[in-house]
Each structure stands twice: as structure tokens, then as C-alpha cells.
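Two versions of one and the same chain are coming, encoded as C-alpha cells; call them structure 1 and structure 2.
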Structure 1
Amino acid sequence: MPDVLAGGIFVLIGGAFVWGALGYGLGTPLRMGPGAFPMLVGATVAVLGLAIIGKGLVAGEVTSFGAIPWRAVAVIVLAVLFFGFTVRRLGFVPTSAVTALLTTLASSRVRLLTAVAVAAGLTVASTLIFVVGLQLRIPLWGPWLGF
């Protein structure tokens, strides 16, 4: 039920913002507080979400989602989080290599040797483009490796 799920997400996020906005002070129309605008918009999102749920229930169509690439979802999220967390600590080169290797494994068809080759190639390419070419100021090797 995609409509119910989508509507649910809207209700959840909209509601959370409304709840949070109440703590920031609504102010008066003349001097709107920091909470007024998010509350207005959050309520709109939640109401629209309810309408989408309602429409989905009325229509009652059961459409399946199709395949979800769980492996790709997990691996790519992990790769991106890894990059953000370690780029300062491990340095540019090892972080890029691990991120690229992890990402390559998202494809269910990839062979390990290909993955290593792609990761190595991308690490060299990104180091050349971003650090050498664009003078990005990120240390190549980080403090975790004793640099």
C-alpha cells in the first residue's frame, strides 16, 4: 500500500515538526515566533498525509512494491556513513578506497576481483581529481594511521 506508507511518512514528519515547533514559541502575527511557520507547514504536511492515506484506503488498490535491493540499500548507506565518519580520522586515501569498495559490492553481480580493481581505480582517480587537481585540503593519511 504505497499511498498509506507515503501518507504515514508525511503524517509522522509533519507531526514531529508541529510537536517540536510548539516548544519554540508561536509569537503573534505581528512578531511571529520561531515556531509559528514550522507549525503551520508541519500541520499542512500532516493533513496532506492524512488525505493521502484516506485516498489510498478508499481506492483500496494493493500494488506491490516490486523488488527492493536490500543489499544495495545496506551497503550504500554504510559506505556513505563510513566516509563521513572516517574521512578526518583515517585520511582521504584509505577512506575513499573502503567507501568505493563497499559501494561496488552493492551490485549483486559483481566479482571480488572486479570490485577491488574498480575501488583501486576510483581511489587513484579521486585523489588525482580532488586532492592534486582541486587542492582539496583533506589529509591523505589521517591521525588513526599515525600521521
Structure 2
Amino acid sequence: MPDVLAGGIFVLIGGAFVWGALGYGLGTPLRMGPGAFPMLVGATVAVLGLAIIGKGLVAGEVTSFGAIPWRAVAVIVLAVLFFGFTVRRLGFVPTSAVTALLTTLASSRVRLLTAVAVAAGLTVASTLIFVVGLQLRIPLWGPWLGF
């Protein structure tokens, strides 16, 4: 059953991307619009989810999930909400650092020094990828910091 559940999650996420992409222009195959890539990725994820569901139904595996790590779930949800609500006013660098630190600390096995190192590495990597490489127009430091 874990495959069926995982496949269902893939189908839901892929379907959400497809549905969201419908609000944007798809364009043509030679001149793709802003909705083309999310549509293709969402459809691919949904099809993979259906394949995983099929595999799970054919295999018929039953596995116990065990206890749900509620602390980790809550911390990760809070980190994503924090990023979404503060990135424009706090800036990309500090928001990414805090978000990465929170998600790293979601695990009870991670020590603080390791979490800080991972957060620093993820912040540098995400800044290089999104702000420098993809040239997203997100301020590095926001107005809340007075820069």
C-alpha cells in the first residue's frame, strides 16, 4: 500500500501543477508560453504517479508506516510558510537561511553545528541558482533589514 499512497500523492501534485498551468498561456511547440513547462512537468509527474499506483496494486505489498513524525511535519510546514510570507520583505538570503535551518532542524538527529553548515551551503547554492543563474528578481536583502 505505500506505493499506492505515494503514487496518489504524485498524481495530486502533478494534477495541481497541470491545473495551475492552465491559467497561463501554453504557446506553441516552437514558442512555448509560461504555462508550457509546468504543464509538461505536472503531466509527467501525474503519469509517473499512475505507474507507481499500478505497480503497487499489482505487487499488493502491505507495510506498516509506523509513527508519524509530527514535529518534523510541523517544522517543515512552518518553514515553508515562513519563506512564503517573508521573502519579499526580509530578502532572499536571510529567508533562505532561516528556512533551510528550520527544515534541517526538523530531524531530531541533526546537531546545531551541522544544521548551520547545511543551511549556509543551501543558502549559497540557492542564491547562485535562483538569483544569479536564473536571474529571478528577488531582492537579496529586504526592506525589513534596512539595507
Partner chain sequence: MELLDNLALGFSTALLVQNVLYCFVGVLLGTAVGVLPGIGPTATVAMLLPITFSFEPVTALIMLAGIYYGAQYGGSTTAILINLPGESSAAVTALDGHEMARQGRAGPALAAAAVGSFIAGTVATVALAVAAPPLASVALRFGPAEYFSLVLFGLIVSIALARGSALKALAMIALGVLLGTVGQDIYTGTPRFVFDQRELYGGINFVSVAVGMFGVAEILRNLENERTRTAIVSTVKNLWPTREDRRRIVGPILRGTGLGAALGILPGGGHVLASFTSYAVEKRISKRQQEFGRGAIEGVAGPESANNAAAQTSFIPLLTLGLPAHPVMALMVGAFIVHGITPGPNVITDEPALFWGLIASMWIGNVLLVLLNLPLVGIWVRMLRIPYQVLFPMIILFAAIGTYSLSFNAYDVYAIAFFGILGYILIKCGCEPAPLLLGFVLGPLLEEHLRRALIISRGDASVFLTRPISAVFLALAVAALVVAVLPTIRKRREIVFAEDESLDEIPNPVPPPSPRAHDDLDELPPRVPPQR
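On a predicted model such as this, the values are computed, not experimentally measured, just so you know. For the two forms, the rigid core is made up of the largest set of C-alpha atoms that agree within 1.5 Å on superposition. Residue numbering: sequential along structure 1, first residue numbered 1.
Which of these two chains, shown alone, is the form predicted on its own?
It is the second structure that is the form predicted on its own.
Residue 98: Cα shift of 2 Å or greater between the two structures (core-aligned)
No, residue 98 moves less than 2 Å.
Aligned on the rigid core, do the two forms place the Cα of residue 130 2 Å or more apart, comparing between the two structures?
No, its C-alpha moves less than 2 Å.
Please determine whether the C-alpha atom of residue 140 is displaced by 2 Å or more between the two structures following superposition on the rigid core.
Where the cores coincide, residue 140 shows only a C-alpha shift between the two structures that is less than 2 Å.
On a rigid core superposition, how far has the CA of residue 27 moved between the two structures, in Å, if you could check?
That residue's C-alpha is offset by 33.0 Å.
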